[in-house]
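Here you get one chain, nothing else, as structure tokens; it is the form predicted on its own.
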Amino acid sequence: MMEIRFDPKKGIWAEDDETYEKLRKNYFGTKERGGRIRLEIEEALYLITFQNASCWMGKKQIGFNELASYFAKKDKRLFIKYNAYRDWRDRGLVVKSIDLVEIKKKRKIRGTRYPAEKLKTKKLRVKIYWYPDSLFSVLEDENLGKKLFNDYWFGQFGIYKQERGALLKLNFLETIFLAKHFGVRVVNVENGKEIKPSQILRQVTKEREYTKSLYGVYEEWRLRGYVVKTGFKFGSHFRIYFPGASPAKEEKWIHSKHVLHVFPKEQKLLISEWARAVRVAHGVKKTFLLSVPELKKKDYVNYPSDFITYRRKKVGGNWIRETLEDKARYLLVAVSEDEHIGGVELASILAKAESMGLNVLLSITDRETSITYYVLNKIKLPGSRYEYYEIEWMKP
């Protein structure tokens, strides 16, 4: 049986030869002078629970809760961190506290480069009529409506997926964009007065928070040739089609392969709500993209990062676990489904990981202590002002 020792003033350690050798071989703890291995609290709790280790405080043997009680007050996230550590170790993989790993060999985090084509705009001498309470505008010119719909996929011409009706209906984002970049004149249907795109944006912002962030993201992707439509059915703000997509092409009702969710820096979401949107996207085989717009250097914070993790590599036809001698893979952040996380926090984690040559791995503990993992990869959209990320479900 392995024996570990605990002293509230000295910490947790192992010193007998048999325990020392077992821990060293399995990358537990940190070697110290004098033949000791210093243990982190998550390591000690795991050894007690799953490696049949006994923990002694002086001449008294103590269990999981008693040992944890000495650390829980200082570390409010102790159990969530322990559960993430436990799950990674249960898979036979190496995981170390971020404070104990010096990363000498960094991986190159290249990110995913997305193509871009400059949108070809033209000045249109036409009026569209704005319905301020509905947040839609309507174009009656049938020929122009068809052209905007077929060539650019703006709005909805006629009835959705039905070949009837001759009105082009435009949502508030499309209305602002067409007025700003195509010179379309917008008339308030209630009073017959012309209204500027900036006025529409101000009006909608009063009624829908984060409208400015939504429009900024919409405009950026549209100007780079992408088609941006509502992502309502998929629990996100937008669905994204790559440059060249059109409802008029042979495959008339083509399916998008990406959904995009805007996460304003001031906003905080329950982890469960955020993860639900990712799961919906994955359930319909779409890549989930996350946008954190309008970030500045002063916005970044030092959000807690917990562990450095390693996976497996293929050597001679066999898969073997990576160790501290290999390049680290992930910066693991342990959270629970009932925590809140904000756009600033996510962006800060990603920036920290990138500086370390790591990808971000979110470990989410649910209410049954099961773990779900998501990897966040940076997107490179040419000329972008904002931060974008792909989020993928991952099974270690």
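No experiment lies behind these values; they were computed from the predicted model shown. So that there is no doubt, residue numbering starts at 1 and follows the sequence shown.
Below: the form predicted together with a further copy of the same chain, not depicted.
Contact between V186 and a further copy of the same chain in the model of the complex is not found at the 4.5 Å heavy atom cutoff.
Mapping the unseen interface onto this chain, Y310 falls outside it, with no heavy atom inside 4.5 Å of a further copy of the same chain in the model of the complex. Proximity of N171 to a further copy of the same chain in the model of the complex falls within the 4.5 Å heavy atom cutoff. Among heavy atoms of E322, none comes within 4.5 Å of a further copy of the same chain in the model of the complex. Contact with a further copy of the same chain in the model of the complex, defined as a heavy atom within 4.5 Å, holds for exactly one of Q61, N65, N52, S355, namely N65.
When you look in the model of the complex, the only residue of Y152, Y215, F136, Y114 with a non-hydrogen atom within 4.5 Å of a further copy of the same chain is F136. No residue in the set E3, E266 and L295 has a non-hydrogen atom no more than 4.5 Å from a further copy of the same chain in the model of the complex. Checking 100-108, 314-322, 178-186, 72-80 against a further copy of the same chain in the model of the complex, the stretch whose residues place heavy atoms within 4.5 Å of it is 72-80. Shown here without a further copy of the same chain, the chain has D366, R367, E368, T369, S370, T372 in 366-396 lying with a heavy atom within 4.5 Å of that partner in the model of the complex.
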